[in-house]
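First comes one chain, alone, set out as structure tokens in the form predicted on its own.
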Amino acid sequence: MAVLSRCSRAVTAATTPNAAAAKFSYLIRALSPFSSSSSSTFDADNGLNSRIKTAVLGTLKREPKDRNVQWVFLGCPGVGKGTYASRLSDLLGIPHIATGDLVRDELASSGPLSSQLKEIVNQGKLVSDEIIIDLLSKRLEAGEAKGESGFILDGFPRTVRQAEILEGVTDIDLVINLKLREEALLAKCLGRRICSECGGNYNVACIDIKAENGKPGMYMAPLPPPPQCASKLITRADDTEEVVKQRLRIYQAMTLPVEDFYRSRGKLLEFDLPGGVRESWPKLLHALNLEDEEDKQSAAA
């Protein structure tokens, strides 16, 4: 209960929007309602601001009037949640909190959980709710102390139980469900690389799927590292074909019900990635009613 109370205090703290947003040139046309698109099942009139009346913590939650957005990214492992969440984090000036990064940071710390987490991750299993919530609550508490407002969660919740816990401590405004065909997902996961020095994420896979049987083709260019990182790339221990396929099976069994959980509350925006970042980013911004003036200027140059 102490863990949950920390989570509650952190995500409901009344703080002003992050000043870092000022360095980005963007226009938020509207945060709600969201525009409709062929890839979206989000219904802005069906409970975007609905709240669970029975609080998990036994006390009624309260939201500050002037807080930033609180969004969640869903999607299969390797779909690109981190890439798009990071871009939106920069655009809106709010923290991107990836539970996978929290787990890897804990692994690197050689703390009391590191050996237990290493075995879980290398086997492609899901980390327990208790461990994830403990790591997340510590991260939110640290953000509160720094004056952070709003967040984009990536990798949490993964189960209905986690979603219910999260709803009990704060109101999630929108859940963005990224979707990508399975053959592209597998290739992306096997192509992931990390710089052992700076921690940057890159991808060496060049995905070129030809159109056939009525399905459109798809091209996703590699995301190569800068020269200073090229010789320092490593592969994550869990990015093997066997482990990746196991993670996808686990996702199908445990996380798809989370989509139904948020769909029933009118908070789910489903977005089919049409290709790589160059093709998908402008379309995602359109679905979210956002504009990135800096990105538009770069494209026009």
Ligand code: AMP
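This one's a predicted model, so the numbers in the text were calculated from it and none came from an experiment. Position 1 is the first residue in the sequence shown; the rest follow in order.
Same protein, other form: the form predicted in complex with the ligand, not shown, and the subject of what follows.
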Heavy atom within 4.5 Å of the ligand in the model of the complex, from candidates Thr170, Gln162, Thr83, Ser137, belongs to Gln162
Answer key: of Gly100, Gly143, Gly93, Pro225, within 4.5 Å of the ligand in the model of the complex (heavy atoms) is Gly100
Margin query: Would you classify Asp238 as touching the ligand in the model of the complex, given a 4.5 Å non-hydrogen atom cut-off?
Written below: yes
Applying a 4.5 Å heavy atom distance criterion, does Trp71 contact the ligand in the model of the complex? no
**Q.** Contact flag, Val127 vs the ligand in the model of the complex, heavy atom cut 4.5 Å
**A.** yes
Q | in the model of the complex, Arg87 touching the ligand (heavy atom, 4.5 Å) | A | no
Note: the ligand not shown here; in the model of the complex, the stretch from 170-178, 154-162, 202-210, 108-116 having heavy atoms within 4.5 Å of it is 154-162
